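Only one chain is given next, in structure tokens, and it is the form predicted alone.
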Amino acid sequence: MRVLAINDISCVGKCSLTVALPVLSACGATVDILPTALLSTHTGGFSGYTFLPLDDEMRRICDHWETLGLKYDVVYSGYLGSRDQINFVKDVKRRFLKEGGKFVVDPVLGDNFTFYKGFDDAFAQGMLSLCAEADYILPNETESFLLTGERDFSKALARLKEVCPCPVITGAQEGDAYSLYYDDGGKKVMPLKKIEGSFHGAGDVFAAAFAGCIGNGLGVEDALRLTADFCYRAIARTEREVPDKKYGLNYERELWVLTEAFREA
């Protein structure tokens, strides 16, 4: 299995490509990367960070790849820094995804029901157009709202189903925590174990693990169950071991969950 991960590189604070590489590798994938931006740290909890968009370099990289005849079983897209990058990723999918391959989009937009810095409604509409080209989309509860305008998660999921064949709202919370998704034509709910607090990078760990599970041929329910177990273990370890949560999850010693699952794949 060969996976292309499209995301930023945050040099400090475990997220984006620095977690996608090891997590997807633990799933047995050969992972290539297409960086969208270079940041000194991620943007959650740090101030004074540097940010370098890589639009021009992305084009040069992909032009070179085309001469190599590269094709991917899975293309996984995360943080994109502009509407131009959204449109470019659509082109990357057309150029490099194998016939029958899977396109997984984590529509990174915001948290706590607000946009991340630099994003707005126009950007959300651009991201929605990318979701329309995906096989699976993985919005968190905030992103499901920003994409649809619906705070009711069931209504948001129904709206997203009109766009993408398999939307997954990864972490809805109304008292209890759960994932909402469509599988075999119907809406389903998967309860999640809940640990209070904010854990930076958890969404990226979740998305990378899910993409690895899908690439290994798991159905949505099995992929979510394995991904949720792995992420819960990583968050629980982080709660015990990491005083400053903005530095990301201590997921490394829980990678065995994925390695064991796909040892014979």
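Residues carry their position along the shown sequence, with the first being 1. These numbers were taken from a predicted model, which means no experiment stands behind them.
Keep in mind that the form predicted in complex with a small molecule is not shown, yet the notes after this line are about it.
Trainee: Can you check whether V220 is within 4.5 Å of the small molecule in the predicted complex, heavy atom basis?
Mentor: V220 lies outside the contact set for the small molecule.
Trainee: Would Y72 count as a contact of the small molecule in the predicted complex, using a 4.5 angstroms cut-off between non-hydrogen atoms?
Mentor: The answer is no: Y72 has no heavy atom within 4.5 Å of the small molecule.
Trainee: Is C15 near the small molecule? Define near as a heavy atom within 4.5 Å, in the predicted complex.
Mentor: Within the cut-off, so yes.
Trainee: Test of understanding: in the predicted complex, would C213 fall inside 4.5 Å of the small molecule by heavy atoms?
Mentor: Heavy-atom contact with the small molecule at 4.5 Å: absent for C213.
Trainee: If contact means a heavy atom within 4.5 Å, which one of 221-229, 42-50, 236-244, 60-68 is the stretch that engages the small molecule in the predicted complex?
Mentor: Going through the listed ranges, the match is 42-50.
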